[in-house]
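Next up: a single chain in structure tokens, the form predicted alone.
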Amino acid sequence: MSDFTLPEDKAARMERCAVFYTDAVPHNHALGLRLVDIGPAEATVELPYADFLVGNPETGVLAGGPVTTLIDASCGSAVFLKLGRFAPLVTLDLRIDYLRPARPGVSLTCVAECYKLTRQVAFVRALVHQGDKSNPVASAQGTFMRTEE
């Protein structure tokens, strides 16, 4: 990508950002993460349920690692959208509160919002749910450092 600026058109922005879930970040692709919606500073990403992501075979509950990746990737995308372009980022801090076990067999959806942007740091919050935002699986708060000069 020689041009790092995101287009104004929502469909084109979404297509451009989706590359982080298909080609640019192999880990996101391996987990099956999928960008499903965007806003000016908001990204909604889905993690489909898969047996290889299960942390406890007796209960079928997903492991924490894929959930953490879902949140981190969603938050990074929200920062790109707020910036209006792709830029190098580093996760400084990502605090996750696991509020309840995810129901087995059901996809997880993360909605992340970049609510504050400074010259060097982006502040993001996220909520993970399984179709009902009032009954979240996890909530998160993160900071990301912008490393461009």
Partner chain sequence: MSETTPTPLPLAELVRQVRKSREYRKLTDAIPYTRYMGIGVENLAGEMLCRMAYSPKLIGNSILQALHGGTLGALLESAAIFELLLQTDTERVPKVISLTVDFLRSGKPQDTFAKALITRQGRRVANVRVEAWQDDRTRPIASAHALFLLAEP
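Positions refer to the first chain, counted from 1. What you see is a predicted model; the values in this text were computed from it and never measured.
Not on display, but discussed next: the form predicted together with its partner chain.
S.K.: Given the stretches 104 to 112, 120 to 128, 35 to 43, 63 to 71, which is the single one in contact with its partner chain in the predicted bound form, using a heavy atom cutoff of 4.5 Å?
M.R.: That would be stretch 63 to 71.
S.K.: Heavy atom to heavy atom, is P57 within 4.5 Å of its partner chain in the predicted bound form?
M.R.: P57: yes, in contact with its partner chain in the predicted bound form.
S.K.: Does any part of L83 reach within 4.5 Å of its partner chain in the predicted bound form? Heavy atoms only, please.
M.R.: Contact with its partner chain, no.
S.K.: Quick one: does M14 come within 4.5 Å of its partner chain in the predicted bound form, counting heavy atoms only?
M.R.: Although its partner chain is absent here, M14 would stay clear of it in the predicted bound form, with no heavy atoms inside 4.5 Å.
S.K.: If you check in the predicted bound form, is P48 within 4.5 Å of its partner chain, heavy atoms only?
M.R.: Result no; P48 lies far from its partner chain in the predicted bound form.
S.K.: Whether S77, V79 and D132 jointly form a contact site for its partner chain in the predicted bound form is the question; each needs a heavy atom within 4.5 Å.
M.R.: No, none of the three is in contact.
S.K.: Counting only non-hydrogen atoms and a 4.5 Å cut-off, give the residues of 7 to 41 close to its partner chain in the predicted bound form.
M.R.: Counting only heavy atoms within 4.5 Å of its partner chain in the predicted bound form, the contacting residues of 7 to 41 are D23, A24, V25, P26, H27, N28, A30, L31.
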